[in-house]
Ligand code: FAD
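This document opens with one chain alone, in structure tokens, the form predicted alone.
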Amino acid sequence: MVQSKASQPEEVIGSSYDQNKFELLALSENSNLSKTQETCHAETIIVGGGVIGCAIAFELASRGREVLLVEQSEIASGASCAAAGMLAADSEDFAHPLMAKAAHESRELLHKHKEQISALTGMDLGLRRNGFITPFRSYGDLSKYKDRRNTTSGVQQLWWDRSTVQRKALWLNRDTYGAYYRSLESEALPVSLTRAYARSAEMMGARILEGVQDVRLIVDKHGVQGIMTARGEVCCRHIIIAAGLQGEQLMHQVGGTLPSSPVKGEMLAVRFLTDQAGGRPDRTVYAEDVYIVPKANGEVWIGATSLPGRKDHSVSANSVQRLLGAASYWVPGIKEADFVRAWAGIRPSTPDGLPYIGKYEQIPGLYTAYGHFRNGILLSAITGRWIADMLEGKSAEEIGIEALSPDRMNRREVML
């Protein structure tokens, strides 16, 4: 087994995220607030410092809302740091039309955020729009692919025949039958994106606190009252659960049943030497059996396995062999590239494949934003907008996301 943990697998480019800077003095390391002390207050508390939580903090702070984000470890230390960072709105096969629509909106919104974040912080998200290629070995493979796709409506794509592939992607297998090219597809460095969201939110007034353990939600008959942590108590009006796999546990504290299950994914990175540059892909390959993503930090990422129920962060030699074999078929130059590292991440999946986004009606002031599975990076921007709109009074019906309501599980139980 190749042992690897999901901790910052990318080289962060641009300004660094200073994790020691984000401290809330009222919740110092040596402080346990007693009943006689003044309790801290924040209008809105976000629990979870992955890309979803940080995108929500960014959106709320940009609207002038008072925000405190608490993270049990470090910003971008969970699934966000293990992601490939693909914004595959056209290439992904979404199970629900709402998700497809949201993916396209979120991809464009992320590019708008890039400009705002760059102007505000000078940080580089590694966000690039170089397009994705989905290649096929034969006409039969193409036909099967078309049969499996739920829909292609609204998808921006071009068909490249064999000669076009050989002309436009010299590094791709010369035996490729043909490929779809989707020019609007993009990818980012996930840790850079998450940290940039956090840094931008902080510069607009949000408070961010890492290393906050033992978070417990405080609610009563009137709704949300705050959180209690190992460092003390913070009162608030709203709590947003954006804690990935920990979201289910937090909801259990208040009697909520919003199940999620772990799905382990393994990835690896290679780097091409200068004299191998001709064999390095300049666009993402989004094939049926593998994806190959050239990154802004000079690496090429290859992924990913899908192992339901697994929560360990080890990477098996068999997985490395399989991924390298599939990737080197499409991009033969990978055989000569330098192996850099392998890592694994745990992604939260829900029973119906839809994330829990919205107001938890049984407890006033409580909102959820978790269960994005493999599309957390892609859907981060739109999730932040939706949650911010809800806190400003819009309903799920007005926004058009009733299907994502966390209360859908309760409704199904009643129907059964």
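Numbering starts at 1 and runs along the sequence shown. Keep in mind that this is a model prediction, so the values were computed, not measured.
The same protein has a further form, the form predicted together with the named molecule, not shown here; the description that follows concerns it.
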Candidate stretches 60-68, 385-393, 357-365, 45-53 - the one whose heavy atoms come within 4.5 Å of the named molecule in the predicted bound form: 45-53
Listed residue that, although the named molecule is not shown, lies within 4.5 Å of it in the predicted bound form (heavy atoms), from Ala269, Val212, Val224, Ala337: Val212
Selected contact from Ser319, Ser328, Thr121, Gln246, since only one has a non-hydrogen atom within 4.5 angstroms of the named molecule in the predicted bound form: Gln246
Contact check for Leu109, His113 and Ser192 against the named molecule in the predicted bound form, heavy atom at 4.5 Å: no
Contact of Leu258 with the named molecule in the predicted bound form (heavy atom, 4.5 Å): no
Contact test in the predicted bound form: Ala196 vs the named molecule, heavy atoms, 4.5 Å: no
The named molecule contact in the predicted bound form: Gly265, any heavy atom under 4.5 Å: yes
4.5 Å heavy atom contact, Asn375 to the named molecule in the predicted bound form: yes
